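Just one chain is shown here, as structure tokens, and it is the form predicted alone.
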């Protein structure tokens, strides 16, 4: 993607300008971000999708008794005459190729931040109430109209005792009516409330926003697994192949320690020994890379692959050759320097130019010069990915 090329998706802004001036800074309304947009899935398709066990879904409605929320799957949704309800299907990109392709239009933002595409359908008056998200979101109107009211208020206090997070004092600053193809970008903590005007579908492209606690705990777990791996225990999530690190196998010794009259008191020597041991652990970029690479490519439970009955063997192809390799919609592939991560695993081969190109473009043309640089080991690895359904060979 040329980040200096104006995009209709961004209202004529270049990705570079959008990221500099709007990302995590201020909202942006984009009329006809996708002119004549028609979603690949209909409202009826979403009604069917939320009946499936493998699809994370919710239904939210409001009546005289207040707000209500239920978790799916649902045997059926309310009929066409029922108002003031909405149903949300999470991670629809895992279930539909065209939806995944739509989400990939936002890859001017790093894959490490891109999370999922949620689709909500609603009857007249349906919505989830005035609220805020802790992450960035693009709200693309798919079917019908939705009335959005937004505010950059600092008061984010919530109504107590409700099954969902509803703002207590929502103060409208701007409002818009979005039609199919219109899109609204909202940074984190911008208050918003969307109300369906008749039957409605909205597509939400959301982004990961891990807390510092999440990152710290993950890095500490990675350090623990590194230590255990270097002791020969490879049961940890991030242990194989082990990263270089300290081998903390010396046992605690305290020769010359005097007899004590306070046996229940923790010894200072043991305290100091523990601190000295942990100080030997180095939190390096490589350790953070290992944690983030595996964590960010971990597959959600809803990710299902369909391995081919007769997978191609890349050793049988004389490169360059017709066709291309395409990552499955559920596959997550990231790299940094020489490290390559796929679907929660450390790839057995380093991130060569050809493999980095596959990760960035999510496809590799087998008739390209890059394809001819694939080593026998890389061909073996890619063939295994094809056999697992992670990668598809397309002619």
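This is a predicted model, so every value here is computed, not measured. Positions refer to the first chain, counted from 1.
There is also a form predicted together with succinic acid (SIN); it is not shown, and the following applies to it.
Quick check on this chain: which one of 101, 286, 133, 124 has a heavy atom within 4.5 Å of succinic acid (SIN) in the model of the complex? Contact check passes for 133.
Find the only residue in 314, 292, 150, 128 having a heavy atom within 4.5 Å of succinic acid (SIN) in the model of the complex. That would be 128.
Residue-level question: is residue 120 within 4.5 Å of succinic acid (SIN) in the model of the complex, judged on heavy atoms? Although succinic acid (SIN) is absent here, residue 120 would touch it in the model of the complex, with heavy atoms inside 4.5 Å.
Does residue 202 make contact with succinic acid (SIN) in the model of the complex, using a 4.5 Å heavy atom cut-off? Residue 202: contacts succinic acid (SIN) in the model of the complex.
Does any part of residue 95 reach within 4.5 Å of succinic acid (SIN) in the model of the complex? Heavy atoms only, please. Contact check for residue 95: no, nothing within 4.5 Å of succinic acid (SIN) in the model of the complex.
May I ask you to check whether residue 88 falls inside a 4.5 Å heavy atom distance of succinic acid (SIN) in the model of the complex? Yes, residue 88 lies within 4.5 Å of succinic acid (SIN) in the model of the complex.
Just one of 202-210, 306-314, 173-181, 258-266 has residues with a heavy atom within 4.5 Å of succinic acid (SIN) in the model of the complex, so point it out. Among the candidates, contact is made by 202-210.
Tell me whether 329, 333 and 392, taken together, all sit within 4.5 Å of succinic acid (SIN) in the model of the complex, counting heavy atoms only. No, the whole trio is out of contact, none within 4.5 Å by any heavy atom.
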